[in-house]
Every structure is written in structure tokens, then in C-alpha cells.
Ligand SMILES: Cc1cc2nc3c(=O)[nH]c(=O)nc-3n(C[C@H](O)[C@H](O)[C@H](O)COP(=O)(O)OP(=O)(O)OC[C@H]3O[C@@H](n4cnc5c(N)ncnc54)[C@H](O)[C@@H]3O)c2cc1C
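Quick heads-up: it's one chain on its own, the form predicted alone, in C-alpha cells.
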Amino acid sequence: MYDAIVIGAGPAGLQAALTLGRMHRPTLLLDSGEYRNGTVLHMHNVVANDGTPPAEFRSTARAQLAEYADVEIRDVGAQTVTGGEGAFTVLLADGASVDTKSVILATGVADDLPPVPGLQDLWGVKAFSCPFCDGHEHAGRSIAILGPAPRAEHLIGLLGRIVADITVFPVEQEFSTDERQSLESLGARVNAGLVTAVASDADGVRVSAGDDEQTVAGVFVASGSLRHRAPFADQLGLHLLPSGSIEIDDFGRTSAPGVFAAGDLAHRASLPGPMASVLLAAAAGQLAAVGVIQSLMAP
């Protein structure tokens, strides 16, 4: 019987396991090998790790966790979580089952991209969603934004002072006259036709819209959606927020006693949605681990 099983070994899960290990709480960390930033070459906006490859970050964290006798790591995913506070059973993908007093869900989310041919191949390498993570690397260069006008306007506001120029391409639905004029008033160029494909081109991206082609340094996606990587929120009947994320309190507690969540799949109700940030995910993992320890100490 573990004190905690942490499902997911991204920044949130790794930090949760570290905090629990330092408090000598028997902990099992499950690593499925799937990560939201799995295709990313370098992570940014992470103090002391700006430019570090995510794989290197994970490897270093795992090496440090190996120093803690109370933390066990298994390279296997989880399939189901059953039971209740103080007595959960987690069925693993290899057929084994393990018991725990509490669970931390840190499986993260996956990005469902708009149906643009070639976009998935460029994701995390030349196509991005987060201006805080990847905007600076395009300073003084041309970029394209793919997606609907309202979300494109938000990206223009963040990236306009960094990049040389921006061209916005509609995806799935052409812009109205008002939308086009609004985007242009922000200093962006607007392509009339729907984007039909993107492809790597030397050190940039070739964006096609029918017979029109334009080469830019990189692409930022203003459409698409997020989905949970694992079914545990449904299995456990956890309360979800309008964003689709798991609702948590300040210490990662979910609506089910003994179940905690951290990282991109969860946020507090006071926030509009999760923010893609390695630092914030790790901080959430630490808070969830503290929440677990508090629950284990309760009479």
C-alpha cells in the first residue's frame, strides 16, 4: 500500500514525487512515456532551464528521484483507478494492480490541432501555441497565425511587439469583412483564402492557401482544442470546469476525497483555464503533494 501513486511523469508528476519522497512518503510514479511537449526541441521561459531540451529535464529529474528510497518509478501507464479515499486500486497497462491511499493525476492534456495537412509534423518544432514559450525565438522575423479572428487578435497583441510582421490565415471558415478589418487595424496582414497546408521549408514554414504560398519563420496556432490524455476524470466522476479541466482547490484537491490533480489537466475555478507552463505545472505538483501529506496526517 503506497501513500500516493502519481500518474504521469511530466513536470507536475516529477515535482509531486520529489516532494513526497523528501517527506519519506512511499510513492509510486507511473511514466507512460507520453508528454504534451514530447516533440519540443527546447523549452523556454523556465528559469535556470531556458533552452533545455524537455527530455534532458525529465532525465535529470528522474536521476535525482532515484536518490530517494521512498520513490519508486515504473515505466508503464495506468488504465483504471477504482476505490475511494484511503483505498484506491490502480490497474496498470502491464496487467498489474497496485494499491494506494491517495492518487495524484498528472497525466496532462493533448492538443487536438485544426485539420491542416502538415501541421502535426511541425508541432513543437516550427508550429506553436504559446507566445511566452516560443515568441522570443521569432524576434524580428515574419510569422503566420492560423485560426479564428478573436483568438488571432489575442496572439497579435502578444506577438506584435516581438516579430517583424504577422499574416493571419483563416482555418475552416473565412473571415468576415468586420473580422478582416479588425485584424488589419492591429497591423496584421490577412489572407483571404483558407489555409490548405503547411510544410517545412529550410529554416521556416511554407504556408499554402489555395494557389497562394508564403514562407514565414514559424506558425502560431490560434485554434484547436485540448483533451485529457487519460479517462480517470470520468472514471472517478470528478467535477469539471467549463474549460473541460478538472476543478481543484489551492492544494490540488478534486471533488473526490483522496484524489488530487496537477498540471495542464486541472485548474482552480478562479482561473479561466490551464496555462501551458513547466514552472506552473511543477508548482501545482508540489502543492498537490502537500495536499496529499495534509490528508494523510488528518485524524
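Residue positions are given as counts along the sequence shown, with the first one as 1. None of the values given here were measured: they were computed from a predicted structure.
One more form of this protein, predicted in complex with the named molecule, exists but is not displayed; see below.
- Stretch 222 to 230 is the answer when you ask which of 222 to 230, 200 to 208, 154 to 162, 169 to 177 has residues with heavy atoms within 4.5 Å of the named molecule in the model of the complex.
- Using a 4.5 Å cutoff between non-hydrogen atoms, Ser277 counts as a contact of the named molecule in the model of the complex.
- With a 4.5 Å cutoff on heavy atoms, Ile104 does not count as touching the named molecule in the model of the complex; it lies far away.
- Contact check for Ala4: no non-hydrogen atom falls within 4.5 Å of the named molecule in the model of the complex.
- Using a 4.5 angstroms limit between non-hydrogen atoms, Val76 touches the named molecule in the model of the complex.
- Heavy atoms closer than or equal to 4.5 Å to the named molecule in the model of the complex belong, across 12 to 39, to the residues Ala12, Gly13, Leu30, Asp31, Ser32, Gly33, Glu34, Tyr35, Arg36, Asn37, ordered by sequence position.
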